[in-house]
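Alright, here's a single protein chain in two forms, structure 1 and structure 2, each given by itself as structure tokens.
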Structure 1
């Protein structure tokens, strides 16, 4: 082949690529098909309530996105597959999503272990895994297709330790934690920070997610004579532990991880959760306009129901996904690259959210120190419990 033929072939190929890109952009803007996101999360099993809360947040965000014109005129939609937050299920769902060319991004899974089990599939398949509740520090280390708006446990648990030790003055602690990868990782970061702040950790006890009788564990805790009980739990098990702690005579201060923050914690715990302390990334009394807009819209859509943190996380995640797709379109690699380009996306949790490209997380989440007073969450006023 002559040099002239080669130059002609290169010019022809470049022209075809440019024409193809123009057609692709035009198809993105003009197609009547919805832009489809895949969601892997629990709709059944012990974490089913969180999948339900996700859907509420997603659907509120989608209402607002469509009212504002959608994604360049196109509808944004999601396909929710029930993983039960089980790594075996999340892997099968990942294979399904990667092989479906309609899926431009995946959201989930709920737990870090379920997400991290599937991460190699998403990375190899070139599909973004947006783990918006995945706080394990190693989640985003799985590859450049892993992104998260969740606050890492490496950042969150030292905040809880500072609240318990430096602010509440607790010196001898008992730690109860979910015996999952998330729970153990959170425990390790908490214990390390608490010791650095000068506290003694007298006992740590793990429990399985399905456990319902904690009395023998709590008797061992009582025998260790701590002045504070730390719960690294979700709201359902945290409320149950608090009730049983009071039943076995534990009157010590209880300080809980932000994962218990929910109106359901108050409902399930009743009087037993009175004076429980916790930190949170979301608090409805926050006067920021992003928070007020979210709460007003949520109550209007869901018959006056009070939203909780997981509603806010999923609402933020869908708005972030929309902002990313507006930049990246429907090409999977362009979607990945767009995460580094979005700036100051309106967020309930962050105010305005921009990704740190190195960690592939968002920095600067709010931190409110709360206490349960008269059956309601309130900002802690510094007064002793």
Structure 2
């Protein structure tokens, strides 16, 4: 258990509440205490699964950071507060973290409404909000304390479009997307890129996150007679769509965004996801050392479980946070300035990550073109399916 003891945390936060905001922020320097990061994310509620995946990635990264000697000899730990992805709770958590002098940086939240509602409080309170899954184009516009390693959809979607149109030779596409800020932004970038590469987008359909039944949507897709289906989905809804598409007899090539990259996609989709193509940021047999280390470490820690995209995001985020704190120390402003200084941090998603100071995001995500073969993700061999 790499997280710090909960009881001491409780005592600490009570003490912090008593002491209030008046306490000066640099007042703690005992090196026996760990450097503390605040995490705001869903552990209960409809998005709870993503919060638990974050934890797995964080804990693995912390094990490795500790094994390598910690942060200049000090321990690194995080305090995870459950927001249920609810803006009402994420703003309260934001005040809690801002007024707790032990917190040097915040990570999260998961959904855009919860994250961006808290941004003004972090900005005014002078605490970095490091949103590592926040792809909303306006997230980092909240202020100079908002930083993100979320892969910009302006980067990712053209890669997927190139895979579908240039490599797989699809000419007429049906795009199914999650009707959230992420799905909508992604769809717009994808459609733009696909048209540039010469494909026609015959139909786009947005569905809400709770949707389970796609049969009628797939009739619309069939009537548009596309030669490929594009899924801008998470793994659970992606698997549902693939299954139902095959059940109603649609045999077109399916090409999906990297967010379906999870062993759960294979488990939930079964035979229906065979031959599904997907663009990802890394793949199981990836020769890059940081990926090998991540995958072997993850499997060893979690009983052979394969990591997925959200595990990778949170693992990368914790490593990035450690690199930033190594430079910036425990002063909150110095931590913010350190984001602009970190260079070439080893990353599963980016290979090596350096922030673009202007947009406060990282550009140039890695790209791998995968396909599901015999129930496993494999590098695409160039053969048509």
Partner chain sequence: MSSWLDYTINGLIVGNVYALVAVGLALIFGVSRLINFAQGSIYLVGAYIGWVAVVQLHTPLPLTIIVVAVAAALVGLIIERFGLRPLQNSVRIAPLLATIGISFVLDQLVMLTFSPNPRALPSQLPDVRFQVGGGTIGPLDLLIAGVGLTSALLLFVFLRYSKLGWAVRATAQDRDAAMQMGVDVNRVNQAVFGIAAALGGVSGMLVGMYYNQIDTAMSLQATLKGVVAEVVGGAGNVPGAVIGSLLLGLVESYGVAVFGTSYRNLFAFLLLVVVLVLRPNGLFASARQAPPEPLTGTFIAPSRPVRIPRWALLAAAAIFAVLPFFPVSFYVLQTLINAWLLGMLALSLTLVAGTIGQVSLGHAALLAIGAYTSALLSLTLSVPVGLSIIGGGLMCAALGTALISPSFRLRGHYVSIATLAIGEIVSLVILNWESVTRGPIGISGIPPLSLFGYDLISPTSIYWFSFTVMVVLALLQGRLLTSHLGRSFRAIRDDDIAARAYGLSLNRYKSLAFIFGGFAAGVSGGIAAHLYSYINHETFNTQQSILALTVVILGGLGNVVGAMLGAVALVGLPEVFRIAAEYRILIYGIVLLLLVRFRPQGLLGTL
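Positions refer to the first chain, counted from 1. Values in this document were obtained by computation on a predicted structure and should not be read as measured data.
- The chain as displayed in structure 2 is taken from the form predicted together with its partner chain.
- In the motion between structures 1 and 2, where one rigid part swings relative to another, the hinge among 60, 122, 365, 90 is 365.
- Here the chain acts as two rigid units, and between structures 1 and 2 the smaller unit rotates by 10°.
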